[in-house]
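The form predicted alone is given below as one chain in C-alpha cells.
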C-alpha cells in the first residue's frame, strides 16, 4: 500500500467509523435529540484527543527519544488525517441536526472562524497527499502544516473550555490537562533546541 493509499484509507475509515458509531448510538436511543448531542460531543472529544497526539508527537520524540515516541512521530500524518476524518463525521452530524431541528441553524455553529478552521483542516488533508504537497512546495507545506496544527489546537482547546467552571465535565478537564501537557512538551522541546 502506498503512502497516499494509506492516507486515503485512514481518512475514509475515520469518517466511516465515526458515522457508523454515531448512527448506531442514535438508533439505539430512539433517534432522540439527546443521543445526537451525545454523539456530537463525544466525536468532538475523540477528535481533540487525536489532535493532541498530533500536536505532541514531535516534541515528545525530541524530549524522550523512546520507541513509542518514534512510532507516534512516524504515524503523525495518519493521526492528523484520522482527526480530519473524525471531524468530517462530526460535521455530518451537525448537518443532520440542522435537518432535524428547525431552530438549529448552521450560522450558530459554522460562523466565520469555524469555517476558516474547517477550511484549514481540509487544506492540510489535501496536502497530506503526494501530488498536492509537491505542487505547493516544501516551504509552503511546512508553513501550512505548522500554522495549521497550532490554529486547530487552539480552536479545539477553546471548544473544550466551558463558559463556567460549574459546567466543566471530568472528561473535558482531562482533555484540557492533556492539552496543557502537550503544550508544555512543545515549549520544553523548543527550549532544548535553543540550548543546543
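The model shown is predicted, which means the values in this text are computed figures rather than measured ones. Numbering follows the first chain given and starts at 1.
Form predicted in complex with a small molecule: not shown, discussed below.
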Any of the heavy atoms of residue 145 lying within 4.5 Å of the small molecule in the predicted complex?
no
Wondering, does residue 127 line up within 4.5 Å of the small molecule in the predicted complex on heavy atoms? no
Any chance residue 79 has a heavy atom within 4.5 Å of the small molecule in the predicted complex?
no
Practice item. May I ask you to state whether residue 59 is within 4.5 Å of the small molecule in the predicted complex, using heavy atom distances? Key: no
Candidate spot 90, 94 and 118, all three touching the small molecule in the predicted complex (heavy atom, 4.5 Å)
yes
Note: the small molecule not shown here; in the predicted complex, the stretch from 131 to 139, 23 to 31, 148 to 156, 62 to 70 having heavy atoms within 4.5 Å of it is 148 to 156
